[in-house]
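A lone chain, given as structure tokens: the form predicted alone.
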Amino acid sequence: MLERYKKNTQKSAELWDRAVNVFSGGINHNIRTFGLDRCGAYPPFIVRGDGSHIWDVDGNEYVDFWMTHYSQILGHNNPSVREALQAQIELGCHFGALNESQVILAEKIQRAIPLLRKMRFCSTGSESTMYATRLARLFSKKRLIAKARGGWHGGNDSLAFHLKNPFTDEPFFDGVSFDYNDRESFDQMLATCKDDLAAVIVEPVLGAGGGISPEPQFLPHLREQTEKHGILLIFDEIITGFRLCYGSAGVEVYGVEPDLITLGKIAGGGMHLGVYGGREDVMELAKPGTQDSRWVGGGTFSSHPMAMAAGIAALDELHKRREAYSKLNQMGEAFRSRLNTLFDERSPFGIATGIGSIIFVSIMKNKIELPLTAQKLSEVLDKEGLDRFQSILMEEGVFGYHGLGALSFAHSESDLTKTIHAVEVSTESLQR
């Protein structure tokens, strides 16, 4: 398997041999093997990106759906973002002090999402959800955090539990969970621990759990019940923020206002950024010197000038294109429909999920019953089959994860046609 890939990626193979000697597992982010290691190969080492395409060190070109963990909605090497970064580097990289750009970026984010009455910047999504839940515990004087099973909120000890089926308890995590899109499951969780619950955190669209969009009454139900019991509701919009619209998907698309929101990825223009904020009375506890305040924010590289410059440029570009989000979302819906038609015809156990420009593909052992939940999907997921599917896509020049990933404003119809062909080849291989 993947002999053609191995033949065409010999420089990547050499780099991989060197990487495994210096990094544990050869990588610095667990998913960046992209399943290729489990198929007897190694990931490509990427050297360049432009628009919807990337190139590896061997010169191979790929249609990119991973798009820097979904961050590059404008496409790689966007001219406006590149020019902003070049202008900033002329002034200096980082000073460890306040800078004008952090104020400008925060004002732009606040205008797009007025719910963020006060916010803080950090460097990663994992930090932003960690600080948001820390504030929730301080504000409520309660200890438990609830999340959807299969939800990924970063690699911090507050939230890295119940990630994969079976959703077993880990001794060093302290949280509870419920099934996404299952109001009964949520209510059962609430009945057992509402008095100890500081906050519920949820992605409006479940990301790593399958790119699953919410049933119409699911998010409103969470808002109603958390408000009723004095529990904070946190929307993790690190993926969905500025992805489905110019602003918050939870507020603008689904009409539900949480107490706190976390952002990252797109808002940083492809650079390192985490944002957490919302209700002023909650965020007041992050203010130094406030009664009952606690240390909730730091980081040498928080509000890094390069990230601020990239974020400002990206949001300016997206604001110009805010009316074009509907076209991008329609493009995603149509592409998912084409994929599911292909799966129905050629592979009865493939499914494309997501909403708008989010495109996930799962390979299953058998058909799944609707409505989708992360638990249902994980129970029937063919992990080996998905690894093979993903690897053959790579061999065919399509780069992604979770099956594919997300569209950008830079993707073209020819990109989608190439991808459909690659999916056809992959599904045919799975039948052998």
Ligand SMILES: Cc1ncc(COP(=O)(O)O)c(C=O)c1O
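Keep in mind that what you see is a predicted model, and the values were worked out from it rather than measured. Start at 1 and count along the sequence shown; that's the residue number.
Below, we refer to the form predicted in complex with the named molecule, which is not included among the displayed structures.
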Checklist entry - Looking at the named molecule in the model of the complex, is some heavy atom of each of Ile363, Arg388 and Ser429 within 4.5 Å of it? => result no
Checklist entry - Would Phe161 show up as a contact with the named molecule in the model of the complex if we use heavy atoms at 4.5 Å? => result no
Item to check | Pro214, heavy atom within 4.5 angstroms of the named molecule in the model of the complex | outcome: no
Next on the checklist: Even though the partner isn't displayed, in the model of the complex is Ile359 close enough to the named molecule, meaning a heavy atom within 4.5 Å?
Outcome noted: no
Checklist entry - Can any non-hydrogen atom of Trp152 be found within 4.5 angstroms of the named molecule in the model of the complex? => result yes
Next on the checklist: At 4.5 Å between heavy atoms, only one of the stretches 139-147, 97-105, 117-125, 302-310 reaches the named molecule in the model of the complex; which one is it?
Outcome noted: 117-125
Checklist entry - in the model of the complex, which of the listed residues (Ile239, Val81, Leu260, Ala199) lies with a heavy atom within 4.5 Å of the named molecule? => result Ile239
Next on the checklist: Going through 201-218, which residues have a heavy atom within 4.5 Å of the named molecule in the model of the complex? Please give them in sequence order.
Outcome noted: Glu203
